[in-house]
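The form predicted on its own is given below as one chain in structure tokens.
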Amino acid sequence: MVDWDVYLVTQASLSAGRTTDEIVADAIDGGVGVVQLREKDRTARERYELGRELRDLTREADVAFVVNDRVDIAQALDADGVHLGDDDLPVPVARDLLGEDALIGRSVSTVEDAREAAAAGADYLGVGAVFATGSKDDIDDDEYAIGTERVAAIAEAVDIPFVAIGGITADNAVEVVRAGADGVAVITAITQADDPTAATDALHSAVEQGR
């Protein structure tokens, strides 16, 4: 069983000068349930090398480990799965490559996209951006700050778990979980925190409160 409460998306360039493996180790200490290797500004080789370290950390802690976008890197790392966006391989193709046991996620921002992803066989969704966020600069207006009403509508529309992403903090995590999210996915709420372990724990507490 995957613990969806707190889902960390890594990005060294947003980690206040600390390394991603340091952030992940601290987040694991704080009770993170899923770690996604993002690092969009790194080469495939660099992501693979970093991913080897994160795979060891997450496996030892029994934390789910997925790779953003790249099915090939997920395969090479023996990751638990992959998280896909609009420009990535379709969910059924990723399933054929990674197998039935792989954890395959899909980014969505509308009810229609959520239904399509669930029907295509996604195991979970990343829904957002719920609030304004500084970590994406290529996002369409319809996908930006979709709000908790859209989160609630998606919760009504699909039966698979989903995490809310985009501008999530310990202060607003309660409301997105009350709207129907199974957990929260964050970058900077953990990576830029003075104490990533405490920040992860605070998010966990907020999710429990919302539930």
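The shown structure was predicted, so the numbers you read here are calculated from the model rather than taken from an experiment. Start at 1 with the first residue shown and count on from there.
Note that the form predicted together with another copy of the chain isn't included here; everything after this is about it.
- For the residues 120, 102, 76, 111, the 4.5 Å heavy atom test against another copy of the chain in the predicted complex is passed only by 76.
- For the marked spot (44, 97 and 106), a heavy atom within 4.5 Å of another copy of the chain in the predicted complex is present in each of the three residues.
- In plain terms, the part of the chain that comes close to another copy of the chain in the predicted complex, with a heavy atom within 4.5 Å, is 44 to 52 out of 26 to 34, 164 to 172, 147 to 155, 44 to 52.
- Although the partner is absent here, residue 69 sits close enough that one of its heavy atoms falls within 4.5 Å of another copy of the chain in the predicted complex.
- In the predicted complex, at least one heavy atom of residue 93 sits within 4.5 Å of another copy of the chain.
- Taking another copy of the chain as it sits in the predicted complex, the stretch 85 to 106 comes within 4.5 angstroms of it through a non-hydrogen atom at 85, 86, 87, 88, 89, 90, 93, 97, 106.
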